[in-house]
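Let us start with two forms of the same protein chain, each given on its own as structure tokens and named structure 1 and structure 2.
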Structure 1
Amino acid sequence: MTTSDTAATPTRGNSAALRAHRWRRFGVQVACLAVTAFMAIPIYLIAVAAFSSRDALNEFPRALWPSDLSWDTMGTFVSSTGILPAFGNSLIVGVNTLVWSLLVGAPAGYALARYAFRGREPYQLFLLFTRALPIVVLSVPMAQLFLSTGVYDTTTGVTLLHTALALPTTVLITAAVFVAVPRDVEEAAQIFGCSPFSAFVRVVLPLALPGVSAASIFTFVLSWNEVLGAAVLTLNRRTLPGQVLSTLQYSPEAYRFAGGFALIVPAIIFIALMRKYLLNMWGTTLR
């Protein structure tokens, strides 16, 4: 083998590796575009329908691009009886569920991540079993319990149900996040004078914040979109999904599109606000 052949072999190998890398990146980008389109197209169609006039909404076939934008449908929906109070109830329940899930779930996740105790693995499996129960199985007995305790038809009762639904995933997500935070960093903070609580707040929590924000997004979106439990546990203080569901069968098609758009937007805004923490968790910088 000549010297030129020896030099050419690794060059061909590098070219093949570079082509393979480019094909992988192309495949990842195509997959990302496909997932984005799968999620964005229904949202776009709902938004177009929500801001179209009644005449444009009744056209067949419907245009993909908005031809006659109008605020009439959304305005009618927003001014309908019970929509704004239901929107406020959803915000109250979502924020309270988020706070209580983190207050209870994050310490439990930290304990799972930092301490080895008997029954830890079965405990994690038990957490998943609670999610296997259908909501209707939980909501009907809870409705009877809430009636007897006086929290039926209140945002507190819906918050308790949503917190119970969100806690398993909050515990497991935060446990996975705290495991990734090096124990040496926390111990070094304690050596330099921090108490265990101070080391957690000043060292561990900032490092775990991206993962905690991911758990927050999941919790808020779960609470915002949950409808069956909220419909069973409330009559006059319904959340927005419960209010839309209760009037769905009597509503025109335009009202349904407007309701769907109103349910989507707050969750998207909340995810957008928490986006930078998620990107930090995935090692991506904001551009």
Structure 2
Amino acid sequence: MTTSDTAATPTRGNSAALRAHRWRRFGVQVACLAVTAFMAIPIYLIAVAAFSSRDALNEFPRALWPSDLSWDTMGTFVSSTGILPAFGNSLIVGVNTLVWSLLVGAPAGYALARYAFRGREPYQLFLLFTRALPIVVLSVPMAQLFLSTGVYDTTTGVTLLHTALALPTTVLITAAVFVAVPRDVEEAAQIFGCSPFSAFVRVVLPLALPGVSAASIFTFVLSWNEVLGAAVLTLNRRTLPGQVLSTLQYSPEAYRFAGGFALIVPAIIFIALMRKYLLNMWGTTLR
């Protein structure tokens, strides 16, 4: 009696535990799918809207699947005044911001990673503080300054603002990247006759390159997405988000949907490119 009991319970218990485990896995999968639906369906819908013909957009109820595909909506958006130049401006500002913030920020990141110096803590606090400055606080006075110096309404002006915004993050990310490069290899290179500079260029830089490029993509995204400052600092040489924002009130729905889609495509690509680095970057830089 007792033996059969003890023999039976474990198996019964095991199968019950197994069943509970399977149900749990099933529940996790369902929850994951629900969250994925919330995150992905809006992107799907804006894509459908951007590639529907004008007639399909005016219909009600609108089809929830691509029924009447056409390039008209996107075509009209791309060929409307100011969009292509704005796209170019966005690229120019993004690339310039990336280069400037790396040139100014990476050395500071290297210093944070390699040297213990007086003022290190205040410097880091200073970086965190600047990160908390709202963009409006900077852009309104900056616009006044740029108006008086002739930088207003140029890509340079927007680049300066974006570099200032991106700089704290660039310094912190590059510091995390350089910390990950072992000091020994750099010292070994110097022992074998490299100058500190060439040791950096030949040994440290190649090892740090993947992380640094992730940081630069991040900077580019920041600049590509920034709306308010770009809209305040320019009139004619707008970036893409600035252009879309400033024409928002007067534009038909189809134009807005096409604009939304055009702004989202880069996001999908950026995240795909830096998926591997996302956790490292946010994990290490924010602490």
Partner chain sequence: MAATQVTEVAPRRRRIPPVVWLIAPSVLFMAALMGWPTISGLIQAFKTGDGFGFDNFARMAADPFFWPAVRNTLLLIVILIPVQFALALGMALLLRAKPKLSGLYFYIWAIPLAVSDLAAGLVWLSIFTDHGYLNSFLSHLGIDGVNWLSYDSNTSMFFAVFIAELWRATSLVLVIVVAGMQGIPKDYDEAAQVFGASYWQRLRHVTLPLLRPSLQVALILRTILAFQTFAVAQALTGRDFPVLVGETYNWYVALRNPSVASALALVILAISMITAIVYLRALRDPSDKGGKR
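Each residue is numbered by where it sits in the sequence of structure 1, with counting from 1. C-alpha atoms forming the largest set that superposes within 1.5 Å between two forms make up the rigid core. Computed from a prediction, not measured in an experiment: that's the story for all the values here.
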Between the first and the second structure, which is the form predicted on its own? 1
Residue shift check between structure 1 and structure 2, rigid core fit, residue 222 Cα at least 2 Å: no
Rigid core superposed: residue 232 CA moves 2 Å or more between structure 1 and structure 2: no
Supposing the core is put in the same place in both forms, how far has the CA of residue 56 shifted between structure 1 and structure 2, in Å? 2.5
